[in-house]
Ligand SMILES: Cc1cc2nc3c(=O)[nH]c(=O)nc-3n(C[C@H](O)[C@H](O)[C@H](O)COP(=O)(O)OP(=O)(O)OC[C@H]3O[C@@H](n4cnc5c(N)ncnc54)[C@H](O)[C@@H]3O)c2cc1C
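In the form predicted on its own, a lone chain appears below as structure tokens.
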Amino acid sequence: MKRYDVIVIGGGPAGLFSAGVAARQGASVLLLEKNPRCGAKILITGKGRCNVTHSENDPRKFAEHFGRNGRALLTALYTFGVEDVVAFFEERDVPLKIERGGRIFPEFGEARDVQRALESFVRDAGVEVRTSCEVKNLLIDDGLVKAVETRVGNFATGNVVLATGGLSYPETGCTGDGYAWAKSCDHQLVTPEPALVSVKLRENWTADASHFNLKNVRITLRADGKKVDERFGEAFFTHSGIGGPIILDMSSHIRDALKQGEVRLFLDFKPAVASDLFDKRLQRELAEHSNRAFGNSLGKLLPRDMIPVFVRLVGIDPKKKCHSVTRVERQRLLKLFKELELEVTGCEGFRRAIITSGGISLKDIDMRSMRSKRIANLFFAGEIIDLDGPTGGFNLQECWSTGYLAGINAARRQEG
């Protein structure tokens, strides 16, 4: 049975990074990936463009985006932070650029360039990569992982890095295997749930308005009538509801609120203008198009595809002349623009979730080294850990940072 200093299980961003870093420290490293090629999930990140990190390079401010668990990420961020990630990719001919919202993308390329850079990183570092190699179990004796059992045989090891991801996008190989292995050696698991997901609405007209982005809108979340969250930015309607950056970042609050009762969203198409001022704008538009049919009068206020939806929802006869629109009808139109009410019926599941919330409890991980508190030669990296942040490159940065820390410390801890 061949022996390696470090075996990394999972060829996603955290696993690739852990393996390459460990190998550069002089360790003999085996990377096991059950897919035919590493980095499957990287290819779909950022709509195929892969926003590799976020421009917030202050570790403490960056960690705040991960909520109550964020402080646990500080050592990893100080060890390998945003500037380190940017330097890593630019040194490998993947120049980056900052886009709207602080997202950092490849300047000229796409996700495939990120995938290729990581593959060349592990290859040049001397990592042995075995793809289409499914792991069955960790073989533990006397409180240590002695070997990794796979469908093609067993491999002995001094240390193991678990970087198997969560449950989101299971078609990329994220099927929760690492959770089961960790639980089998007494690690606590915070119940995994879909995170950064679109939501489903009771309204059946959203498919008719799914052809364009809603830019610079404000969405307010109310649960049982109480305001829970509010976001400003970009969203879009889907065939079954609403999605986009605002909704993704709000989805964990929506998911939790649904467990308690009724949940509604209120969409403001014109958040920069107070309701009374926008009402005056509507009066001017109706006056300017006094003899035009109402259905043809909203071109300056709405995208073309959204006009029929608004006309239908407001309940004004589209053939009615603008000068005949009553004050009551105009107030209904104003409410649609400033407070369009949407009833939430649920959140999308793991098949459409960008990341997983929950995972291996931070109580069972020494976050200064990413080492297990239960098994002395077991390390964790990436989405498998109970850490999840908003959209915009935060979660990939967590993969790079924890992957780096796990790789460094796994390589340093050589077991005989």
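Everything numeric here is computed off the predicted structure, so don't read it as measured data. Throughout, we count residues from 1 along the sequence that is shown.
Beyond what is shown, the protein has a form predicted in complex with the ligand; the following relates to that form.
Candidate site formed by Pro13, Ala163 and Gly393: every one of these residues places a non-hydrogen atom within 4.5 angstroms of the ligand in the model of the complex. Residue in contact with the ligand in the model of the complex (any heavy atom within 4.5 Å), chosen from Glu203, Asp177, Asp268, Glu193: Asp177. Contact annotation: of the candidates Asn35, Ser55, Ser28, Ser361, the single residue with a non-hydrogen atom within 4.5 angstroms of the ligand in the model of the complex is Asn35. From the list 312-320, 87-95, 134-142, 277-285, the contact stretch for the ligand in the model of the complex under a 4.5 Å heavy atom rule is 134-142. Remark: Leu405 does not count among the residues lining the ligand in the model of the complex, judged by a heavy atom distance of 4.5 Å or less.
Taking the partner from elsewhere, Thr45 is found to have a heavy atom lying within 4.5 Å of the ligand in the model of the complex.
Residue contact with the ligand in the model of the complex: Met370 places no heavy atom within 4.5 Å of it. Taking the partner from elsewhere, Cys399 is found to have a heavy atom lying within 4.5 Å of the ligand in the model of the complex.
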